[in-house]
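What follows is a single chain, given as structure tokens, in the form predicted on its own.
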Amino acid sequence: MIEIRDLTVQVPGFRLESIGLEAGASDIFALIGPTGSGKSLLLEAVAGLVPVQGGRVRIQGEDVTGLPPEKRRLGLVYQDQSLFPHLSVRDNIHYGVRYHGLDAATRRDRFEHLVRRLELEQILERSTIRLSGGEKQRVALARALMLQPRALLLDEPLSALDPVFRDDIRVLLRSLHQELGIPFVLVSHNFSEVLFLAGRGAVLRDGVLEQSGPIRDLFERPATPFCARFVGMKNLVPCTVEQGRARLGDVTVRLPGADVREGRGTLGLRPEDIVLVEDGDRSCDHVLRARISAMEGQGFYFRVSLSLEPGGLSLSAFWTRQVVDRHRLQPNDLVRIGFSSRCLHAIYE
């Protein structure tokens, strides 16, 4: 387990303030947030690469706050892999072993296992400058895991890869995590990657922890309007909640759950949860009339701007190209839209 308690880090022009997080052995823990929010700095503080001004870091119960990086037994993989171009794949994997006191038999067994597991047998003598992106990432993983780390820290590990390699490596990461049984802490801006890999995570904003918990909660039950906007909950509407219902101007909707509070707040609804309702479709417990005010093609889907009738409340939906083509949808069309109450989320002031 990685335990971070009240961690404060000060560097020129930026400060991480009183961060508290836990990542267990069963966790792939994702750190998300805007660029410049302190995600990579937090990884480096955990790894011992930057000094901390307050708080503690514990790995498997051991306080490592004052230890140098090589004494913490953590693996760190950067997005650019940071491989040594003058060394072969074999020498890159072995680099650092001399500083960690592994005996010859352990080194040999570990190396052979990782080479087989990461399918590196055919490229061991190759220079790293002649490797593909996916090969470089597998070598970087082998080098980090060669030292038998107690946790693996991954800073944007897939961002430099093309889509084919990216899919292969994320499947590999999930498999390695299940096999090794150590915490993985992942920094990423790719939401599909985060949702695929991570079970828990946290949102950072300007060096402050905005929200932490299960990944699904971050994306479907954000704690603040900032978190909601950041994770793509495009529809955020001021509302008043009374008796389990939210009033949005001329529209009233039912909220899910028995613990709904009363008061003023913001109602959130993800754009992919708004569907086009066809005749006879009773899958949605809220069905409304709306006029399409704009349509913007996004490749495999359209971002559709909607204006409710009556009232003119604006909503945004993501509909597939197949749905748009099948119904021959155009701006100014009047349509029926629907969503389930379980998709609604109230954020209170």
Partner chain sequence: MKPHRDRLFFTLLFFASLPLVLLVVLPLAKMLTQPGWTELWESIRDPQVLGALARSMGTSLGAALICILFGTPLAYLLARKSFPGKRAVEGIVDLPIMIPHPVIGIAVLSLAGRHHPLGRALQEIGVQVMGTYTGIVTVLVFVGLPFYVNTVKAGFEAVPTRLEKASRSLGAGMAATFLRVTLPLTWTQIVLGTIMCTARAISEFGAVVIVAYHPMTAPVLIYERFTAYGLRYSQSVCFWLIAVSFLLFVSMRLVSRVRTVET
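Positions refer to the first chain, counted from 1. The shown structure was predicted, so the numbers you read here are calculated from the model rather than taken from an experiment.
Note that the form predicted together with its partner chain isn't included here; everything after this is about it.
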Between the options Ile129, Val164, Ala105, Val171, which residue brings a heavy atom to within 4.5 Å of its partner chain in the predicted bound form? Ile129
Residue among Gly213, Pro85, Gly232, Gly257 with a heavy atom within 4.5 Å of its partner chain in the predicted bound form: Pro85
Heavy atoms within 4.5 Å of its partner chain in the predicted bound form: which of the stretches 277-285, 42-50, 316-324, 300-308 has them? 42-50
Find out whether any non-hydrogen atom of Gln79 is located within 4.5 angstroms of its partner chain in the predicted bound form, and reply yes or no. yes
Give a yes or no for Arg143: in the predicted bound form, does one of its heavy atoms lie within 4.5 Å of a heavy atom belonging to its partner chain? yes
Leu74 versus its partner chain, in the predicted bound form: is there a non-hydrogen atom within 4.5 Å? yes
In the predicted bound form, does Glu70 come within 4.5 Å of its partner chain, counting heavy atoms only? yes
